[in-house]
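Take a look at this one chain, the form predicted on its own, written out in structure tokens.
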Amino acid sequence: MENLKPTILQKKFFTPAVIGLTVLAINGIIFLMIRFLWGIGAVTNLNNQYPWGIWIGIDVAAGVALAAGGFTTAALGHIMHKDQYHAIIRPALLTAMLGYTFVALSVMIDLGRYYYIWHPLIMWNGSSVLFEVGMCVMIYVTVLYIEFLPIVTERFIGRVNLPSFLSKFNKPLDKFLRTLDRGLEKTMFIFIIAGVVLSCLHQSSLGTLMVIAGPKMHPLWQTPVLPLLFLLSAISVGFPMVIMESYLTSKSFGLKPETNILSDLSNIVAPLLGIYLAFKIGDMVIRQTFVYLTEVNTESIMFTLEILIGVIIPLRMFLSNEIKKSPTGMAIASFLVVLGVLLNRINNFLVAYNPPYSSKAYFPSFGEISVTIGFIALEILLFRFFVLNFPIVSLPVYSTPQAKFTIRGGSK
């Protein structure tokens, strides 16, 4: 009989790929330090016409969407009680926690006066979309860390072993962890529900943020239902992001992919993509913006790529039984969905945005690109650190008459 149990992976941290990611992360941190020491203008190509660049379009808007796997899997596993998906909840939670942490950091570095990041906490503006987004993100980040605490208590309960003169705190600290664990067990449902609600709020509000841009946005993307489209696209990309993360984790650590779980999860993706595509096309038909696709320009090409690569092709792939039997096939289809949502956010925040008094188009500087790539590399490195030190990835446990358990890919 095979069960799945969250396990600390027994693998080495540094590999050639990890060393490469470390170099990218250090390069990003160098440019980040330049930004803090000499100001945002020393690193970016932003100006009065283009106050937002890829740090908002990719790091924040796309980052929030791609971290949606946290609330979609929480809703599936805890609220809908689909117990077969519990094995993927912890990696999805970790991905969301790291993703939202770097979203908050990205907002801070994009502010001219970054040291005022705390102002929304005491200077409320109920009519501001950004205020709603900021408050929801800050609260949801806190919720994600609270949801991660049971993993921390599981890791250290009965294993607190402080050295030397600190050893006198071992028993009190262990008692505190046990008390915290019992309290979290009784109240966790509150934070799970709050996380799902908060995610729906700020995912849609990011779309509202671009609605108020009005005629500055190209008609292919400017629509009153943009908040709904942002929410639907985030829900659609949640499970593909989990599938891709699970596949890459299994490849990185030499584990066997949990094909059955991922296949069941992929059955949900096609209907979600279909709903999103229906609303997208329906909105175009009602507003008759499809006429802009007859023009050959950057906007029409980017819109076509966004829909074709990010929705239509993966939708067809997820309807194929052969694809759903192949971990590689599901990973490729999931990657296309992730790429499509990434293109959608870039299109909305960068391509579609055209201020009337701009003298030249915005293109990110090398420093901006370096920070964005550095953040992505750092997230991957932190994910690897956590799965090597906390019980996050679930591995099969076999019960046999001869042995109590054997964990594949880990210690025996």
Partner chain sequence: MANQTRRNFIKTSALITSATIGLTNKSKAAPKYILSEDRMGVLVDTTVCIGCRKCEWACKVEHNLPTSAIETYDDRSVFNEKRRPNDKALTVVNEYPNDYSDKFPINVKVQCMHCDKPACLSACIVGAFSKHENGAVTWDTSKCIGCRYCMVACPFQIPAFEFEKALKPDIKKCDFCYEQRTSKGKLPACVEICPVEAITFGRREDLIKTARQKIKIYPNRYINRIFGEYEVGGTSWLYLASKEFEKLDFPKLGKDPAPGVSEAIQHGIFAYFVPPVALYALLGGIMWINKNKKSKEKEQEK
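Since we're looking at a predicted model, the values are computed, not measured. Residue numbers count along the first chain shown, from 1.
Although it is not shown, the form predicted together with the partner chain is what the next lines describe.
With respect to the partner chain in the predicted complex, the three residues Gln49, Asp110 and Tyr115 uniformly fall within 4.5 angstroms at the level of their nearest heavy atom.
By the criterion of a heavy atom within 4.5 Å, Val296 is excluded from the residues contacting the partner chain in the predicted complex. The partner chain in the predicted complex is not approached by Thr179, whose heavy atoms all lie more than 4.5 angstroms from it. The partner chain in the predicted complex is not approached by Phe385, whose heavy atoms all lie more than 4.5 angstroms from it. Not displayed here, the partner chain is approached by Phe131 to within 4.5 Å at the level of heavy atoms in the predicted complex.
Remark: of stretches 182-190, 266-274, 299-307, 168-176, the one touching the partner chain in the predicted complex is 182-190 (heavy atom within 4.5 Å).
Shown without its partner, this chain lists Leu98, Ile235, Ala87, Val211 as candidates; in the predicted complex, only Val211 has a non-hydrogen atom within 4.5 angstroms of the partner chain. Among the residues Leu229, Leu201, Ile261, Ile323, the one placing a heavy atom within 4.5 Å of the partner chain in the predicted complex is Leu201.
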